[in-house]
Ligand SMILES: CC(C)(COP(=O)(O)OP(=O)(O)OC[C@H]1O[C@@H](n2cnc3c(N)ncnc32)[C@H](O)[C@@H]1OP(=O)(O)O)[C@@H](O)C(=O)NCCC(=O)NCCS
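This document starts with one chain, in the form predicted on its own, laid out as C-alpha cells.
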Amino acid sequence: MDIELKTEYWEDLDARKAFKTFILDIHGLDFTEWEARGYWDKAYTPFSYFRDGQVIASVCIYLLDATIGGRTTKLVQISGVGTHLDWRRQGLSRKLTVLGLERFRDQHEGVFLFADEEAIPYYLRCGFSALDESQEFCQINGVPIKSGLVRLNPSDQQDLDKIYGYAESRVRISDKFSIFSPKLLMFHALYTLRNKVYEIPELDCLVFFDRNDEVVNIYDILGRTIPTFEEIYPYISSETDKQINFHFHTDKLGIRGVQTRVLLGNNTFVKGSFPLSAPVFPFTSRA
C-alpha cells in the first residue's frame, strides 16, 4: 500500500488541514474555530496514515492531567478514530491504536474512550472492555433567586479570554476524579456548551449549566476556589426546579443528599485496568 505514517505533525499546516478535513468527513466536526481562536492542543497527538496528502485513517491520543483520590496522575483518552470507506477492513485503525498506545505506554495509568454504537464491536475485538459510568444527582426545590448571574458569549473575544483565564487558573473540581485540560475545556466552550456559560462575579466562578423543564444539568464549575452548592444555587435557581444532575464528582460542593445512578449511553470503554470503578467522567474532559 502506498501510504505514509505521520505523527506529531501539527506544525505541518498542510497535514493539519488534511486532518481537519478528515475529521469533518468522518465525524462531521469542524475544528476551524478551535484552531482559529488559538486553542489547538499539541497534547492531542495524531497517528495518521496519509495517501497523496490526504488522511485515510487516524487515531488521536490525548494525554491528560488528572487527579484521582487526591493525587495527580495522567490518563490517555483515545478519540478522532476513523478510516475512510475505501480503506476500511484492512486493520489500519487497529495498527494506529497500537502504535499510539505504545508511544505513551509509560506515561499514564489508564486508557479510556467513548464509543459510537457502531464502533462497539470493533473496540471489543481490539481488547477494550466496557466501564460502568456514574452520575450524581440530587432532588431540589427552587430557592429565591439572587441577582448577579452573567451569561458569557464565546463569540465575544473579551468573554472568551475571560473563560480561558478561568480555565487556566481553576482548581480541580473534584479530589475523587477530575481532569485539568484548559484547551480541551475551550473546545467545549466553543462547541458543546457554547450557550451554557455563565459567570457569577460575586463568587469569582463560572458555571456551565442548562435547564430542561424541572431538571438542571451542571456540566462544570470553574474557579480559583470552588464555592459550595448552597452558595451557587441561588444564582441559577428556578421555582420549577426538581432535580439537579451533576456531570462531575460533587465532593467539593458540600451537598447533602447526593444520590448516584448508573449513567447509560456514553459507551465508555477502557484498555486493561482502570484506576477507578464507576467514575463520573467530567463532561468537559470528553474529547
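Not measured: the values here are computed from a predicted model. We number the residues from 1 along the sequence you see.
Here the subject shifts to the form predicted in complex with the named molecule, a form of this protein not shown in this document.
The stretch in contact with the named molecule in the model of the complex, judged by heavy atoms within 4.5 Å, is 115 to 123, chosen from 115 to 123, 146 to 154, 205 to 213, 101 to 109. Using a 4.5 Å cutoff between non-hydrogen atoms, Gly91 counts as a contact of the named molecule in the model of the complex. In the model of the complex, at least one heavy atom of His27 sits within 4.5 Å of a heavy atom of the named molecule. Residue contact with the named molecule in the model of the complex: Pro182 places no heavy atom within 4.5 Å of it.
Taking non-hydrogen atoms only, Val76 never approaches the named molecule to within 4.5 angstroms in the model of the complex.
Proximity to the named molecule in the model of the complex, defined as a heavy atom within 4.5 Å, holds among Val81, Leu131, Ile140, Met186 only for Val81.
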